[in-house]
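Below sits a lone chain in C-alpha cells, taken as the form predicted on its own.
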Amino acid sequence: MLEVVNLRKSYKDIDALRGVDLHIAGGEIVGVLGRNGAGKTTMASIFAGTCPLDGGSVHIDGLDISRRPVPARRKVGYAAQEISIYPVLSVRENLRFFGELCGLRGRGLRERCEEVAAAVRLEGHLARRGSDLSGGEKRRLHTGIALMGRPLLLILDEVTAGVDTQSRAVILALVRKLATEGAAVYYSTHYLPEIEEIGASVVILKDGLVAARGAIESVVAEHCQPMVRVVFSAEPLLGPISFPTRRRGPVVEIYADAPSVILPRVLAEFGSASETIRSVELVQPSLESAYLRVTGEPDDETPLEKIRDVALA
C-alpha cells in the first residue's frame, strides 16, 4: 500500500531524511519510533502531501505522489500532531465538512458521520461544539476526521499525546480494527508500550535513516541480549571475566543468553569485590532497551556488536 524508496528531504542545511526505504502492506501497522528530529513527522507530512519531497519516490497504492498527487491523497487519512478541528463547529459539522472534502454527499455523508462518531465514541456528543470538548474528546474527533474518506493508508502522528486513559484505549482499539479491515497504518509515537498493544511491527529512525526494521521480537533479538547488571558501591577492581562485559563506573553489565544460570559463576569471578555489591539485577531485553540501544543511550552509545567482540582475557 505504501512504497518508499530512497526518500530524502532537507531544510536548508539540515538533512531530515537521508535515504529512507519503507514498505507498509494493507492490514499492517508499522510503529515508527525515534527521537525528536529523527524524521517521523517529516515522513508523515510527505505521505499526506503537505510537504514536498526532495528526492526518492513514494507510491501509495501504486500511485506516485509526485506525478499523481491528487488521486494519491484521496487514498490517505492523516491525523497530525496538532489537533485540527474547527472549535466553532459541532462534532457533526466538523465530520460533515471533512466528509464533503472527501466527496461524500447526502445519505452517504450522514451515515459516514454516524459511523465515525460511533467509532471514536462521540455518538452522544454530535451536537457539542468543538471548543466544548475535553482534550481527549478533541483528539478522538481529530482522529475521526482522518477516517471520513475510508482511507487505504492511515497516517497517525502522535495521536495519543496528552490524552486520558479512556481516549487512548479508544484510539488504539480503533487502530487495531482498521488494520484488520485492511488499512495500512503508519503510527508514529513516543509511547513504546502502544506499539506492542496494537500488534505493530517496528521502524526506528535515527538521523534521517532507518536504523532498525522488523517485528518487535526480531528487533529486540538483533540489538539486545539478556544480562546481569551489578551495581557496586564504588568502581570495582575486577580481573578478567569470562563473558562479554561492559563497565561504566560502579555498574558492570555481563551479557549471556541465560543470566540466571551464569550468575553464580560471575559472582565467583568477582572475588573479594563481591563484598561491595549493592544490587544485582537479571535484565531481559525489551523494546525499550532495543530502542535505547539503536538510538544511543544518553550515557553510552557503544554498539552491542562491539560489546560482543570484546577480547576476553
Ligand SMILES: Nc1ncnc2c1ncn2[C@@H]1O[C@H](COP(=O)(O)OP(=O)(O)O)[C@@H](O)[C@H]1O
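In this text, residue numbers run from 1 along the sequence as written. These numbers were taken from a predicted model, which means no experiment stands behind them.
What follows is about the form predicted together with the ligand, which we do not show.
Of the heavy atoms in Thr41, some are within 4.5 Å of the ligand in the predicted bound form. In the predicted bound form, at least one heavy atom of Ile14 sits within 4.5 Å of a heavy atom of the ligand. A residue is said to contact a partner when one of its heavy atoms sits within 4.5 Å of a partner heavy atom; Pro264 fails this definition for the ligand in the predicted bound form, lying far away.
Residue contact check for Gly62: none of its heavy atoms lie within 4.5 Å of the ligand in the predicted bound form.
Stretch 30 to 38 is the answer when you ask which of 54 to 62, 30 to 38, 277 to 285, 249 to 257 has residues with heavy atoms within 4.5 Å of the ligand in the predicted bound form. Checked against the ligand in the predicted bound form, the residues Ser90, Gln81, Ser218, Ser201 give one hit for a heavy atom within 4.5 Å, which is Gln81.
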